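Just the one chain here, laid out as structure tokens, in the form predicted on its own.
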Amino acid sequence: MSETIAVFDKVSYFYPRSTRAVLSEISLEIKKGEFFGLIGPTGAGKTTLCCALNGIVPQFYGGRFFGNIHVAGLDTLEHPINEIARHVGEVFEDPETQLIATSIENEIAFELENLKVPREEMIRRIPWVLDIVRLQGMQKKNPVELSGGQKQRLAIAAALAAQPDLLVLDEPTSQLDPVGAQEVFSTVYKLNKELGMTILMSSHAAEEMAQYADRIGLLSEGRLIAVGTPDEIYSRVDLLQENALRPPQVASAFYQIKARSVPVCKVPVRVDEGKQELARLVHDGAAIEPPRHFAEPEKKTEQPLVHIENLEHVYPDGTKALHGISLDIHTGEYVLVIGQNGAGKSTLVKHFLNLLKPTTGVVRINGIDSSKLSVSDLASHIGYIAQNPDNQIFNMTVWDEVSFALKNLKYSKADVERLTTESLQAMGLYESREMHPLALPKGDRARVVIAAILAMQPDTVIFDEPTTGQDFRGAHYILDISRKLHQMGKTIIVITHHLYLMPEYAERVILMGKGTILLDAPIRQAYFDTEKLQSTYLSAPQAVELAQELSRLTGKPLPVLTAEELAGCFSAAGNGGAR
């Protein structure tokens, strides 16, 4: 049996003044040199478990702790945090909370100085770790100038410089675009496989966890309810769904195909294995029919809500953020804007809100040149919901937060009362109106911001990365709100990197890259233009990749976007030679 690096022995933990166990009877052995993935819905206790490995829980937070944890032979209750830190490195969800120095080399040196590493050894280690995380030659660069993926790799470098036995990463990719996420996963995989470092990573990124982890633990309501290989855990789609977790799309698709009495040998959890299983099913005579015709969104002929013509924007430092943008968005559309970080998505949207002025070109809102409209004028037409709702909350009660803009816009007292009440009731927040917004759960805080926007009765609502940092349930909760608003006749614009979530909601896709529009098409067309997606470092959802493979195998056009639609192409009838 492999040597263990960390052992949990019947660990339970209660935060101070809490009557609910955040961890409950956790027993687990993490083997030296393995990549252990930790999954679970928001609130399952994943962050607490990560913090328990280096003694932060309970030494820093206090509370009641039962059982024992040994890491690299050290009891986390008997040894101080700074001693455990020599053996356990930790990287958190938001790298900016960990980065404090004015240069990359100083950031790494700070970690080593705290551990009293001799200067000569520090000079040796800094280029070594920068080479591992592919930041070589950037020693003097200020961390604020780095991309999100680079910042997270720097946080990993700082933790790695201490040469820990165990590297713990808590949701390290949830704030990143696909490029940054892939950078982090490939870096961590290199540490694990080439350097033999033990990894414990908490993540909602099901496809990547299935690809890279050796074992996975499923945590739910503080209990470790399953531990196994990615194949064992992710193929149990029913278990994942019971715990509000998203399986890899390939697993979800084959789970549903199997439920249609199609003889699937096993539920694959990686897309290459899924393609192999599709080939076997086709070879064995599975009955496959193209789906029904999917209606395309109706063409809009009325005056556009947003009209942009030859828009250029150059920032004061000379950065050309947008060039040659011409675009119409009509009332009642649901538009998805995608592209890697730096593609120009946020810059474009800020022109809708008059937060940025065109360098050249024209922006019209409801036929009026935006330069003739104030930001407050536009607020009654276009509502903006930022990625982090906390950045938009600044009042002491939910009622004050939702009514603030109405009062600012000089609505009558009666209208403020009526619109605030209606908006709070629509968002299910009326009973919480006297609470402090920041005392609410994150999902409810997002609803407070949405309620404040709705109270102003805008024609259009923009959601900027609404699913970042959310688990599967939280992401769908916010997107379901966007759909309800769309059904009410609102125009919806969503910016997101999570393409797999959007087929249930969006009608039209605008793909941006390097400040231009690379593609503007209905979602069912856009998702199959994989070459253009890849040009801006995006990947089509696994369901699309599988549909393309099945179309190639059968010669039939299969324009499906989701696991459900892919499964719908199969029927039990006609499975000749099936086993």
Partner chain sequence: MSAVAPKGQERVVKNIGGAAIDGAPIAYIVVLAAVVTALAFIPFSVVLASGGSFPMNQGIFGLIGWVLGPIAGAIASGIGALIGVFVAPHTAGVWFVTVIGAIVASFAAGCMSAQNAKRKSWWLGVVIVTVIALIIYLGRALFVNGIALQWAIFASFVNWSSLLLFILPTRTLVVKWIGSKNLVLVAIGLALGTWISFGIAHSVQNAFTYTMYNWPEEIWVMLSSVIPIEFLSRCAIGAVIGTGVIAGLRAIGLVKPTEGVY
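Here the rigid core means the biggest group of C-alpha atoms that line up within 1.5 Å when the two forms are laid on top of each other. What you see is a predicted model; the values in this text were computed from it and never measured. Numbering follows the first chain given and starts at 1.
The form predicted in complex with its partner chain is left out here; the points below concern that form.
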property	result
Its partner chain contact at Glu564 in the model of the complex, heavy atom, 4.5 Å	no
Any non-hydrogen atom of Pro80 within 4.5 angstroms of its partner chain in the model of the complex	yes
Contact flag, Gln534 vs its partner chain in the model of the complex, heavy atom cut 4.5 Å	no
Contact label in the model of the complex: Thr516 to its partner chain, heavy atom within 4.5 Å	no
The single option of Gly67, Gly43, Pro522, Gly33 touching its partner chain in the model of the complex, heavy atom within 4.5 Å	Gly67
Contact stretch among 433-441, 321-329, 248-256, 352-360 - heavy atom within 4.5 Å of its partner chain in the model of the complex	433-441
Residues of stretch 54-73 in contact with its partner chain in the model of the complex (4.5 Å, non-hydrogen atom)	Pro58, Gln59, Phe60, Tyr61, Gly62, Gly63, Arg64, Phe65, Phe66, Gly67, Asn68
Large Cα move at Thr397 between the shown form and the other one, threshold 2 Å, rigid core	yes
Threshold 2 Å Cα movement between the shown form and the other one at Pro441, rigid core reference	yes
